[in-house]
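Same protein, same chain, two forms; see structure 1 and structure 2 below, as structure tokens.
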Structure 1
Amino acid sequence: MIDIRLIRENPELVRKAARDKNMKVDVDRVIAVDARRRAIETEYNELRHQQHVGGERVAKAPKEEKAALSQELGKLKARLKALDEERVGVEAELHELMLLMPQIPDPAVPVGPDASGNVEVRRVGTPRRRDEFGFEFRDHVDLGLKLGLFDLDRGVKLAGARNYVLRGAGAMLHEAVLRFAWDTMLSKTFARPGHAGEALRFEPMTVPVLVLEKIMYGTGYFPLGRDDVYLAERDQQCLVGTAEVPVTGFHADEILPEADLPKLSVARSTCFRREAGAAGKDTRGLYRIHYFDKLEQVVVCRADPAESAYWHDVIVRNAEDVLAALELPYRVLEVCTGDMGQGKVRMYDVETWMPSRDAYSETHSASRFHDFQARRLNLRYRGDDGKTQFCHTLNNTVIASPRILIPLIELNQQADGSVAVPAALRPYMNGVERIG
């Protein structure tokens, strides 16, 4: 959500944001509905005031005058009721329209139509192409099936297309990667800009993966992303596509003391995605699947763009540290306006090299929202000056598996068909150095 005042005072800014983000929004309609809403409210308030004043007169009037006065006031009721009914309709329309308004991207974000407009920021590690292995390259599907790391057919039998079962060393590798990511996150300390002495840590937490719709709206996944979400309609709950949703929503409808900020949280969850718009795309293997596990980092901080930017760098770096420790080549991309999504101010994707795809492919996504989610979630803090403000929110993947197993398996394959376990993961694999 953006501030309605921004639309009233600077509609062109919002129109441009929508254009740049490839979104269709009706700014004029918002302005008109908002004006009507305020007119209704003014009249309604005025009539209610009359009613209150009149009501007091009834209470104090001599008995014989009460009936006449009451009857007189009764005339207000019809108008008030009509006004109230119109207000409900107008507010509902305004709310619906506001849910569609784009967050204004940072001026530094490259303007572009889609993923083709994304800009590479840096590249770390050396990608290895399939013909550079010195033996016959196998992709993760071949390797995984041969080594018994997962079972795709039975995953489909159990749950339909894009489902799978990790087994044996594959299941262990999955857990190892996640547990390694936990430990990496929890071993670090952080300080706010200008507070060098601080030793803030990410707080580990578990969260519900089945949440109420309001949290989906609050984090910006509804209404526009609804098609990609599994619904448990009987209970009016939704399966989350990321722990970002419950973690960011954790303090919804609260006013936090400024001293409690920033809130640094990290949570693992299973993530459920319908992949509604992706029919026929990435159908091979473990790349695009309906469920996976992900460790997610979330930051809730003061409404300060500079601090927000600072934490954005921090969470990108955290992800990079994990990839570097796993010895995986990756690049960081600045995502352009057309590819960044409704609520985001700025966004970086991290793409890890996957030889089978002959490309860097998305494994992480780091987003900065400013107060977009906080407004929807009603997530505020009370500043040291006593004023309440909406927080800023950010999030990034720490690790998502099994997608990350694709480069991990493929890049560590040996001539004999076995897969070497990177040193960082061996402690989490009971010391196993080689699978197969």
Structure 2
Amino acid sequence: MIDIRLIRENPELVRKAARDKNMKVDVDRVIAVDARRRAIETEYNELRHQQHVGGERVAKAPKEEKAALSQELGKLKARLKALDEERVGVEAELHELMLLMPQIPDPAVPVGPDASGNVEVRRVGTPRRRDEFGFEFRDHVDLGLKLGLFDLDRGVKLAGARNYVLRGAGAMLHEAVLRFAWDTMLSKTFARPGHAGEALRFEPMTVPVLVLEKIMYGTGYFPLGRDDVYLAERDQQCLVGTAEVPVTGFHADEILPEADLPKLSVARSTCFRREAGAAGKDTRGLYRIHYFDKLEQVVVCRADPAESAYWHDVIVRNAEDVLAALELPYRVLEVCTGDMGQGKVRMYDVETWMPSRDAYSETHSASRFHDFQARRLNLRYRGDDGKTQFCHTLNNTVIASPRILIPLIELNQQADGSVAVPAALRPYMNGVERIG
């Protein structure tokens, strides 16, 4: 949610943000409803004052004047009741409209209609194409089924389309990736901006994957992303698509001391996505599936754009460090306005090379929101001057599996049909060097 004052003072900036993000919003209606809300508040306060003064006059008035004065007070009371009823409806409409308003993207973000407008920032590692292996290339599905790493048919039998079961070395590889990423994050220390020598670490968290709907609204996944979420309607709860939701919402409706910021958190969770808008897309294998496990990093910091940018670089680098250790070629993209979503100020995707797709494909998404989520969550901090401000929030994937198994399996396949285990994962695989 953005500040209503921004819409009042610079509506064209909000209209431009909506156009650039391919969103249809009614800025004029927001301005009109907000104006009516303020007019109601002004009239209500004036009438309350008149009611107070009138009550005193009735108490002091001669008996013969009391009836007329009381009648006037009755009219005031009726008008106040009508205003109060109208206020409830107007505030509800304004709240619903504000939930649809876009965050203003950073001026440096490339303007583009969709993913075609994303801009490559850098590449690391050399991609290996299907015809460069020197033997018959097999994709991750053929390898996985041949080696007994997963069972897609029985996954569908158990839970329907886009489901799977990891087995044997496949389950071990899945856990190895996640545990390696977890240990990597917990081993890192980071400098606090402006505090030389002070080291910070990410705090590990285990969080619920079934949350209240208000937390989905607070983090910006509702109302626009509702169709992609599994709902437990009877209990007004939802299965999360990322640990970002409960971790970012952890301090909702709280005022944190400025000295406690930044909050650096890392959480592993199972994630659930209906993929409602992806019917018939990427149906082969483990790329686009309904549930997976992900390690997510979340930062809550002061309302300082420079500090937000610093932590954005940190969380992107954390993901790159994991990919580099796994010896996977990847590239970093800056996401354009039309592909970045409602609440983001700036966004980077990390794409890992997948030979079977003959392309770099998204494995990580790093987002900076400024105060967009914090306003919706009422997440604030109190500065040394005693004033409260809304925090800034950021998040990024550390690793998500089994999608990351696609390049791991395909790029490490051998001529004999086995799969070499990257050195970084062998301690998590009981020393296994090759899956055969």
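Whichever C-alpha set is largest while still superposing within 1.5 Å between the two forms counts as the rigid core. Everything quoted here is computed from the prediction, not taken from an experiment. Residue numbering: sequential along structure 1, first residue numbered 1.
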Pair member which, unlike the other, is the form predicted alone: 2
Comparing the chain between structure 1 and structure 2, one rigid part rotates relative to the other; which of 277, 81, 359, 96 lies at the hinge? 81
Rigid-body comparison between structure 1 and structure 2: how many degrees does the smaller part rotate once the larger part is superposed on C-alpha atoms? 21
Once both forms share the same rigid core frame, by what distance in Å has the CA of residue 66 shifted between structure 1 and structure 2? 9.4
Between structure 1 and structure 2, how far the Cα of residue 46 shifts once the core is aligned, in Å: 2.6
